[in-house]
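The chain below stands alone and is given as structure tokens, in the form predicted alone.
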């Protein structure tokens, strides 16, 4: 049985909502497997308290993750940050060194690894519909462009926000859909939902897949116990789909490495989610 000492590092997920999060499941499984002296918890946090939470955790020797809706706000609270944070304008992982707050965006590498796990190969040359323009979407876009996709069309409720993402990250291979009409009857090799739609089971679908000419694959970054509504809608149409659990595992493994300076146990993390879903 793992013993947590008085010197244990406290790692926390900060955001709102956080009730759906499976991060504590995978991170505490990783801590048990590796024998590290730490504990991972979820803490509901409003934006006005984000600075206090982050500073308190770092001063006590800990760190954590940032989730919706604070990934962009967290960047302004960092003393040092990675290239991934600079490119995306979003931070999802933080820790302390000599009193300074360091940050990374492990969603970039997490999505890249999850997509390759799903595809079984490089996504080079794919035509992609990316739904969303928040912190998660920015990470996805960076990973897709770095891996050589042919074209990315961004669909977002606010076209201005999507255009801002293109200015920050984009290039010739990135376009913004002016409305849902721009995606009707189009062909996409991959559709990625990078919005929070689906966290609540009553949420509307991020996009109607049946309105497109063809869709090869679907990735829903929403992660919860059970099948997400978007994944179910894809599977009902005969489209192979994957929810956000694999990305959660992969980005969590990278975050574990940032905190503990050793690789995260991916298979243990993956098995912990299988057990969680099975036991629900």
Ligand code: NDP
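Numbering follows the first chain given and starts at 1. The shown structure was predicted, so the numbers you read here are calculated from the model rather than taken from an experiment.
The form predicted in complex with this ligand exists for this protein as well; it is not shown, and the discussion that follows is about that form.
Only one of 93 to 101, 149 to 157, 117 to 125, 76 to 84 places residue heavy atoms within 4.5 angstroms of this ligand in the predicted bound form, namely 149 to 157. Site residues 133, 197 and 223 are all in contact with this ligand in the predicted bound form, judged by any heavy atom within 4.5 Å. Between this ligand and the residues 184, 167, 175, 204, the one pair within 4.5 Å by heavy atoms in the predicted bound form involves 204. This chain lacks the partner; the member of 30, 248, 54, 254 within 4.5 angstroms of this ligand in the predicted bound form by a non-hydrogen atom is 248. In the predicted bound form, residue 137 approaches this ligand with a heavy atom inside 4.5 Å. At a distance threshold of 4.5 angstroms between non-hydrogen atoms, residue 68 is in contact with this ligand in the predicted bound form. This ligand is not shown here, and in the predicted bound form it never comes within 4.5 Å of any heavy atom of residue 113.
Contact annotation for residue 244: at least one heavy atom lies within 4.5 Å of this ligand in the predicted bound form.
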